[in-house]
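What follows is one chain in structure tokens, specifically the form predicted on its own.
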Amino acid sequence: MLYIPFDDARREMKRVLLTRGCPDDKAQKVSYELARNSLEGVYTHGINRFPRLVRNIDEGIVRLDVMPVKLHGFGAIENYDGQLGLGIVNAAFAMERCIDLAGTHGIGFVALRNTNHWLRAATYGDQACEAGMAAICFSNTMPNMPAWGAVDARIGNNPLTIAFPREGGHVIVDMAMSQFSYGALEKAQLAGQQMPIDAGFDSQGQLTRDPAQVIASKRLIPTGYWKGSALSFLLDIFAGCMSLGNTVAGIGRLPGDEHGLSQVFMAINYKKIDPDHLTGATLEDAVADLLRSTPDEHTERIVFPGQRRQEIKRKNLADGIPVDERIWAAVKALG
């Protein structure tokens, strides 16, 4: 394992992006967010994902010279075509537009079609929190998970993030609709590890903790079994219909790697309905009560959603971001 300083990781990825003709401001944004994802412990959607992003650029799936184009708008609701631009850039644009709309209307809702992988969903919840607003965001994916009771992959493990700002660390949940994301499975496979609980089915239909077998079968377990399956489908319907873009079914008909995604972003300017500033005390009471939970025999402590990333960030700033030697060699070779 290598330990790469944050600035070194960011500079190296920016250098590679510039060799592909990426505009400087976009290269700066994408390299910073990818390095930050790894800095905060989301290694699968940070540096580890960078070689695939560059491959998608080289294949023409990701376009560097475009920005989202507005399709329609009505009050606080708008939709845009992402023109297959950089997923991080498109998503940050959409959330910024949500924040602007919420400043006027109290809520902002932006649906985005024809875009690419946004990497870490929590990034855009965090963006809203930094503006003092709550957020809900979700994206569809390529078909990579069976509906509950099926064997063929026809739904996506569509990521969902919900975020609420807090002075002592924003409360943010970032979750796929599968028990484990593909990124988590790939990380475990790279490390030669098993998953801590059953992650899906093997090719013979048997439950397994082996990440390689689940990746090969594409039979992930939906979070909450039939509940996660249903929620995945409804998130997909919302994203595809609101953006006038692809559902998971449409994405699955596109050639090549995953692209042409549909995403939804919401920002809520809740402080405008809290003139007495009651939400801060309410939130702190809820967090404190959660942290007083008694851990079971397998758990060291209970944390609120989003707490660990700040602790990992401090450690990785001090020690460097842990990066598998094979991943870093692949990044270095891209230039």
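Definition used throughout: the rigid core is the maximal C-alpha set that superposes within 1.5 Å between two forms. No experiment lies behind these values; they were computed from the predicted model shown. Note that residue numbering begins at 1 and tracks the sequence as displayed.
The protein also exists as the form predicted together with another copy of the chain; that form is not presented, and the subsequent description refers to it.
Shown without its partner, this chain lists 162, 142, 212, 254 as candidates; in the model of the complex, only 162 has a non-hydrogen atom within 4.5 angstroms of another copy of the chain.
Taking 94, 121, 220, 155 one by one, only a single residue has any non-hydrogen atom within 4.5 Å of another copy of the chain in the model of the complex, and it is 155. The candidate spot formed by 9, 88 and 128 lies out of contact with another copy of the chain in the model of the complex, as no residue has a heavy atom within 4.5 Å of it. By the criterion of a heavy atom within 4.5 Å, residue 269 is counted among the residues contacting another copy of the chain in the model of the complex. Interface membership of residue 114, defined by any non-hydrogen atom within 4.5 Å of another copy of the chain in the model of the complex, is ruled out. Contact between residue 295 and another copy of the chain in the model of the complex is found at the 4.5 Å heavy atom cutoff. Another copy of the chain in the model of the complex comes within 4.5 Å of no heavy atom belonging to residue 67. Shown alone, this chain has one stretch from 24-32, 38-46, 52-60, 287-295 that lies within 4.5 Å of another copy of the chain in the model of the complex by heavy atoms: 287-295. Residues 230, 231, 233, 234, 235, 237, 238, 240, 241, 242, 244, 245 of 228-245 are found to place at least one heavy atom within 4.5 Å of another copy of the chain in the model of the complex. Residue 206 is among the residues whose C-alpha shifts by 2 Å or more between this form and the one not shown once the rigid core is aligned.
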